[in-house]
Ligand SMILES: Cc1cc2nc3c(=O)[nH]c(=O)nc-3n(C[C@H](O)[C@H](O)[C@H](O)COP(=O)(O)OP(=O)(O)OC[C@H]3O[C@@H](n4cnc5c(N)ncnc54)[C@H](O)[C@@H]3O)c2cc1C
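This document starts with one chain, in the form predicted on its own, laid out as structure tokens.
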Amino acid sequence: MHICKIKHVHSVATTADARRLLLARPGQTGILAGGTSTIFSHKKELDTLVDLRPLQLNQIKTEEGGLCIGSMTCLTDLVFADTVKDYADGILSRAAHRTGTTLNRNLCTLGGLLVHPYIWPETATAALALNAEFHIYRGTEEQVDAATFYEQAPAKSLPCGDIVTDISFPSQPASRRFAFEKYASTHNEFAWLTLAVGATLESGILHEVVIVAGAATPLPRRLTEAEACLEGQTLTQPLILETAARAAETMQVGRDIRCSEQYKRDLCAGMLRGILEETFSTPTTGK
């Protein structure tokens, strides 16, 4: 049983102050945002927290047709904000809504779940599909794209003192469509599998296809071979079946005590087929 050993909580006025405190006692000082990541981390050596709430990193702003969202923004705000619901066919809003319970969504922050996506990967799956950009304070602000951010576990790869301050989501052309699906036995259960799909549809031809799977492995992963099946193609029923089969075959799958690897692959094929049929056009028969 994990016993909380937190003895000190520091409130800070600037990100520079937060970084200084984190670097003063590496490994023993952590970040307090929503709090769920700290609870699930079970770090026995952690005895001090730096409270980021005074930094006001909880704003949602439109930015050249896209969005810039503060890392401390709670999921409930993403669910109900009109600007988020109207962006990219609402996949970020839907991903937030399918994360945890109402109480979880009132507490969990976007930044916390993107840095620690293992339990609730819904927003991380959407962020990778949307090609989000992470603003990270390292004494000065640096920007890291989602593909680089998820090459390895962010919580382990971010050096001590790094603070994700904002996440930018680029503008999307009117011809670009998105879809998000989560499979779980109940609305609130941890995902068995999530899929986020994006593509530009021009004259019936698919371009810049993105297919991301979450909860198959600890980190979201693009299904590049399935993407290649659709790139530059007109959607037909045989192509949908081929793409779904390729996605299921090539998807990396980790151990899950709730189901077999093959069951998760079958889920992938069925979910992707449904997304392509329902969102990206009414497929032609094809011979």
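All of these numbers come straight from a predicted model, not from anything done at the bench. Start at 1 and count along the sequence shown; that's the residue number.
Absent from the display: the form predicted in complex with this ligand. The rest refers to it.
Engineer: Tell me which stretch of 82 to 90, 205 to 213, 160 to 168, 173 to 181 has a heavy atom within 4.5 angstroms of this ligand in the predicted bound form.
Structural biologist: Stretch with heavy atoms near the partner: 160 to 168.
Engineer: Of I31, I60, L219, C229, which one comes within 4.5 Å of this ligand in the predicted bound form, counting heavy atoms only?
Structural biologist: Of the listed residues, the single hit is I31.
Engineer: Even though the partner isn't displayed, in the predicted bound form is Y150 close enough to this ligand, meaning a heavy atom within 4.5 Å?
Structural biologist: Judged by the heavy-atom cut-off of 4.5 Å, Y150 is well away from this ligand in the predicted bound form.
Engineer: Report whether the minimum heavy atom distance between N104 and this ligand in the predicted bound form is within 4.5 Å.
Structural biologist: Yes, N104 lies within 4.5 Å of this ligand in the predicted bound form.
Engineer: Taking heavy atoms and a 4.5 Å cut-off, does G35 contact this ligand in the predicted bound form?
Structural biologist: Contact check for G35: yes, within 4.5 Å of this ligand in the predicted bound form.
Engineer: Is P117 near this ligand? Define near as a heavy atom within 4.5 Å, in the predicted bound form.
Structural biologist: Although this ligand is absent here, P117 would touch it in the predicted bound form, with heavy atoms inside 4.5 Å.
Engineer: Heavy atom within 4.5 Å of this ligand in the predicted bound form: which residues of 99 to 115 meet that condition, in order?
Structural biologist: Residues within 4.5 Å: T99, G100, N104, L107, C108, T109, G111, G112, L113, V115.
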